[in-house]
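What follows is a single chain, given as structure tokens, in the form predicted on its own.
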Amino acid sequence: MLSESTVSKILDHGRQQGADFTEVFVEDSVSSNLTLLDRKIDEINSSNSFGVGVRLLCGDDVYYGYSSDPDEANLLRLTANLGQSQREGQPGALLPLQQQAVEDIHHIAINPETISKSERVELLRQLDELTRKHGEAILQVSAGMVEKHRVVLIANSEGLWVEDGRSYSRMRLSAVAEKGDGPQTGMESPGMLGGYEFFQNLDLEEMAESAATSALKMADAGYIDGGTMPVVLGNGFGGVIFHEACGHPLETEAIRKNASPFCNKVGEAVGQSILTAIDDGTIANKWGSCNVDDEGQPTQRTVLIENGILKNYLSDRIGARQVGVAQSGSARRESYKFSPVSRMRNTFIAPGPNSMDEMIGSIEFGLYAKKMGGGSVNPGTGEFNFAVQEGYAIRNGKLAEPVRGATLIGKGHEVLPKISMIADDLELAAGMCGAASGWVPTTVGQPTLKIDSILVGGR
């Protein structure tokens, strides 16, 4: 990391350039990736990354630069170059640095550095075999482990000095099955903010069964006929639709640019009273959690929608000031190469009073989207298009045959009022979210829920 003396000189140099706020972000990270493909090691690598980002704010203007060279003279030149880009401003005050205590709620039980590569490979081989035992139609299995440890230092001209460590562990499994009409893939990819204990505590049999069964059932499935219909959306990764189509438009990065259908809607009804949605960065050891955000602010629990009423936005320093809301500890960035912006952490729809049986029983014909796949969204309009990875027809109030080729199409703010039933089976799922500040670990989630009417694309 950098010495306090060097950091202080950079902050003072930013003040001398006319910035009203200067920030230094230092990152030292180590990451590794191990993949087993068809019983053979396909990829094994590790990497180190170190760098320093400097941000100058002058009014609403942002000037950001970074370097992997920690030399003090180099970093002062970088700061001076940023200062030359900005308009003239009134220099902000420079307060003495004061180290902030960080409460680490994300306990690491087993240091990954104490575990050999051979033990990791053996774990992946076991997962491979457990997946293959579900049938000869499983043609290919890929199992992988991703680990990353980040240490960050954040200091600014308001006297903040905070350090934090973050360890991420994630397992990925894909199973490919084929029964005559093209290959179908089942996937599982749980993750945790924690150490190697995550891998040791995984239920490998359950994970293998879930991926293999999904692939096999979809390999047997016919194609769905599209149209507008009710949909029961499965728990866990089904929350990706809310994340993409509603979560991003609730970030001040979109609100401050007037690029969201939720602009100026705080206090208004955006859904039925059954709907409550939360973004919570404080859940211990969850994939999207953190002790402090990438501006050094303590993370927190933010209720976005409560009983159908829009309550809050997710904000960073700039967004909070421009939109006129409090900072929510939501500023995040992929690495020192990015300036932070407001981003989601663990975002989910809260449990409700209904059951899945009630939902299925209320539908004459519709779709049960048990697992969601990838898709696309326009945050400015909320328009989305997401593939259903595993789906089933609903006929006369009962689950019927598996179907494939389904996509869910709509606009987030238009779908929210159509959520009429929510179950009590909340699950969270790990993912990676890409936006203006790069790719960051986020968690999506929801209980099983019913959307009364949505366009389903088919074939």
Partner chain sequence: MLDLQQTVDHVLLLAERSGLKEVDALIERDEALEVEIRDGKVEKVEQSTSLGLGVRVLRNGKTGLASTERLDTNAIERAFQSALENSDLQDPTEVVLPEATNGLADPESLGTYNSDLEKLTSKDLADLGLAIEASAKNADDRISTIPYLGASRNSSEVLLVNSKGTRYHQHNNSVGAYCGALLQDGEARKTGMRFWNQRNWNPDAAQRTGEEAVRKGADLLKAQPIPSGKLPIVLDEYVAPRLLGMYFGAFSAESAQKGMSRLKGKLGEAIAIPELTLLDDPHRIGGNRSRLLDAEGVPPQPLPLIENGEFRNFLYHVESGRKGKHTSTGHAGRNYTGGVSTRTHNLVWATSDSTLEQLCRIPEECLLVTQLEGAAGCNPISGDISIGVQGFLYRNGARVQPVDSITIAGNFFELLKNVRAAGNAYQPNLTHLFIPALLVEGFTISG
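Since this is a predicted model, take the numbers as computed values, not measurements. Positions refer to the first chain, counted from 1.
Beyond the structure shown, there is the form predicted together with the partner chain, which is absent from this document and is the topic of what follows.
Novice: Indicate whether the candidate residues 45, 125 and 183 are all in contact with the partner chain in the predicted complex, with contact defined as any heavy atom within 4.5 Å.
Specialist: Yes.
Novice: Have a look at 99, 273, 111, 258 for me and say which one sits with a heavy atom within 4.5 Å of the partner chain in the predicted complex.
Specialist: Residue within 4.5 Å of the partner: 258.
Novice: Just to confirm, with a 4.5 Å cut-off on non-hydrogen atoms, which of 236, 379, 230, 144 contacts the partner chain in the predicted complex?
Specialist: If I apply the 4.5 Å criterion carefully, the residue I get is 379.
Novice: Using a 4.5 Å heavy atom cut-off, state whether residue 40 contacts the partner chain in the predicted complex.
Specialist: Close contact exists here: in the predicted complex, residue 40 approaches the partner chain to within 4.5 Å, heavy atoms only.
Novice: Flag residue 153 as yes or no: does it have a non-hydrogen atom within 4.5 angstroms of any non-hydrogen atom of the partner chain in the predicted complex?
Specialist: Residue 153: no contact with the partner chain in the predicted complex.
Novice: Would residue 420 show up as a contact with the partner chain in the predicted complex if we use heavy atoms at 4.5 Å?
Specialist: Taking the distances in the predicted complex, the answer for residue 420 is no, it never comes within 4.5 Å of the partner chain.
Novice: Is residue 425 one of the residues lying within 4.5 Å of the partner chain in the predicted complex, judged by heavy atom distances?
Specialist: Residue 425: no, not in contact with the partner chain in the predicted complex.
Novice: Name the stretch: of 306-314, 190-198, 75-83, 156-164, exactly one has residues whose heavy atoms fall within 4.5 Å of the partner chain in the predicted complex.
Specialist: Single hit among the candidates: 75-83.
Novice: For the heavy atom contacts within 4.5 Å of the partner chain in the predicted complex, list the residues of 434-459 involved, in sequence order.
Specialist: Contacting residues: 455, 456, 457, 458, 459.
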